[in-house]
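One chain comes next, on its own, written out as structure tokens in the form predicted alone.
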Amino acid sequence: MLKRIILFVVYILFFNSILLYGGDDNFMKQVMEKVHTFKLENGMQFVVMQREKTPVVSFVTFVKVGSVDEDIGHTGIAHIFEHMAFKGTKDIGTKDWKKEKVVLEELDNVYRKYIRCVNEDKSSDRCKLLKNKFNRLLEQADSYVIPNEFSKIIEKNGGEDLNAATSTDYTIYYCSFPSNKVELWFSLESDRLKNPVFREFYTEKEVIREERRMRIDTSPMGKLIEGFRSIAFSAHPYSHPTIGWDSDIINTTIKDVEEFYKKYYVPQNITIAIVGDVDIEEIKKFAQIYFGSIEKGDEPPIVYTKEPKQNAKKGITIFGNAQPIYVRGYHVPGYGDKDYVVLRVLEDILSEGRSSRLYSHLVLEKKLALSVSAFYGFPGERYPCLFGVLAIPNMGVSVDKLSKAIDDELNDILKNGVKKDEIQRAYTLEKAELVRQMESNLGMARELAYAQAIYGDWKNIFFIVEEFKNVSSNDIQHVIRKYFKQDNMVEGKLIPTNNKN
């Protein structure tokens, strides 16, 4: 996870938190005393924390599905579903669901025929007829839509922060409500989980395609990271761009997304975190009433594919009208491995704050880079992933010179190790960041949901940070020696077009 918090700001937040909570150990104790977990018979997990300071409650619905779970030919489908989750249900967002349902089914049927026709012979008269029929049905379907009704209900009742996000490893939906509207949230969220309707589907797909054009297709940086990711993983689905390949977005149909929903949006794959002014027993009652009737379903598929061992350095060079950028990555294990915490500590030692090794040496002292950051867990951490370094060279500095300087810093650690106070500093910064994330109800809910779903227990957000103290200089040298090798490295370069020759 990329973190670029300025050091003095982190310390201010950290010490403010100590004053507020009476020390971070006390803060940890208070959190543990106020968090309750329970699971419904269908497997849906709930993590609830009581905070009575303000009459506000934040909700996070965490679904353990992301682009890593997508099949070839259906990349981007997790992101497409996320967009659809705001389009309403059978009761919300429609003027007449029975009539709309008939049109949507015919619309999707015609689109599937049209796509097949286009892929076989797009110039045929049959393709033109299907396209015209599709457009007529699209207009008819739109006539039944009440735009943004789901969002308007939330806003009308004082809801805030309504949003969602899709990543490589997961999808989340979140919002905050006044504490007297808790049951309304349960009603709305259970309705869209039980009865999603894929209205405005084909219009929204064009919005997503435009998003892809802006973020990747016309962005040299976007092209670099997408290319870097795709060559880093030749077999494992971590190679999939989260937004999807354009051809896959075009070819995805409502039927495809319905099948994806049935496969992954099952109760045992969903964790809900609730933080704020709530009554635990009331939450349990609402959970059973609104979510208990959802059938368990089959267990979602597991990603079995393993990335083959890399035997030679890989690289990609992108030319574009932009400033140069250098990025490298090494294949490392994901969460659960014995080296996980060591790699997290190394990430902080290399680039967290102005006194970190890469920043202080390459940016401040040698002035080789405008910025530099190390990051563990790209593009996710559910499976073996990458430990990376991204840097922007200073004017007149080549990416190759910057690469050599990064090598020198890593070799210095191999030769001389790291100091105890560097490890202590990583521990202190990580605790400060954790406290900062948890200061808001929504931040706390996101942390709890992620840890419960990905780490297996929400308490691990604390236990992992405490393990930072047990890391030694020898451990740091060990992971660099083990993973940071040329034949395990992937390198990406963005070169300005005028420097192409």
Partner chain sequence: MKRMVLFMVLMALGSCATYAPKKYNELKFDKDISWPNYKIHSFVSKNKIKFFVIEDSELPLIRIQMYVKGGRSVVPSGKEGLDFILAQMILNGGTKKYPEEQFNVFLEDRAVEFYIDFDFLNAVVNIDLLSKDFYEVMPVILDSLAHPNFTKENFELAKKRLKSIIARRNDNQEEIGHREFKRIVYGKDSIYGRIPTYESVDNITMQDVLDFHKRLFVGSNLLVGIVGDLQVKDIKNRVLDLFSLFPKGQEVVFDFPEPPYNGGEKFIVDSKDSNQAFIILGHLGDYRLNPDYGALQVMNMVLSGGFSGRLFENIRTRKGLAYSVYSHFGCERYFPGIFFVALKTKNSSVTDAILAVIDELKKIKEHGCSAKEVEDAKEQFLNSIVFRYDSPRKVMERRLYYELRDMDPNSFLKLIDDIKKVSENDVSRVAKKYLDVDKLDILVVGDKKQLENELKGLGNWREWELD
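Numbering follows the first chain given and starts at 1. All of these numbers come straight from a predicted model, not from anything done at the bench.
There is another form of the same protein, the form predicted in complex with its partner chain; it is not shown, and what comes next is about it.
Contact annotation for the candidate site: 153, 184 and 394 all lie close to its partner chain in the model of the complex (heavy atom within 4.5 Å).
Among heavy atoms of residue 453, none comes within 4.5 Å of its partner chain in the model of the complex.
Its partner chain in the model of the complex is not approached by residue 457, whose heavy atoms all lie more than 4.5 angstroms from it.
Proximity of residue 123 to its partner chain in the model of the complex: non-hydrogen atoms within 4.5 Å are absent; the residue sits far from the partner.
Of the heavy atoms in residue 51, some are within 4.5 Å of its partner chain in the model of the complex.
Partner contact region in the model of the complex: 176 to 184, out of 176 to 184, 97 to 105, 266 to 274, 405 to 413, criterion any non-hydrogen atom within 4.5 Å of its partner chain. Note on contacts: among 339, 259, 71, 149, the single residue with a heavy atom within 4.5 Å of its partner chain in the model of the complex is 149.
220 is the sole member of 241, 220, 333, 237 with a non-hydrogen atom within 4.5 Å of its partner chain in the model of the complex. Of the residues in 30 to 50, only 41 comes within 4.5 Å of its partner chain in the model of the complex through at least one heavy atom.
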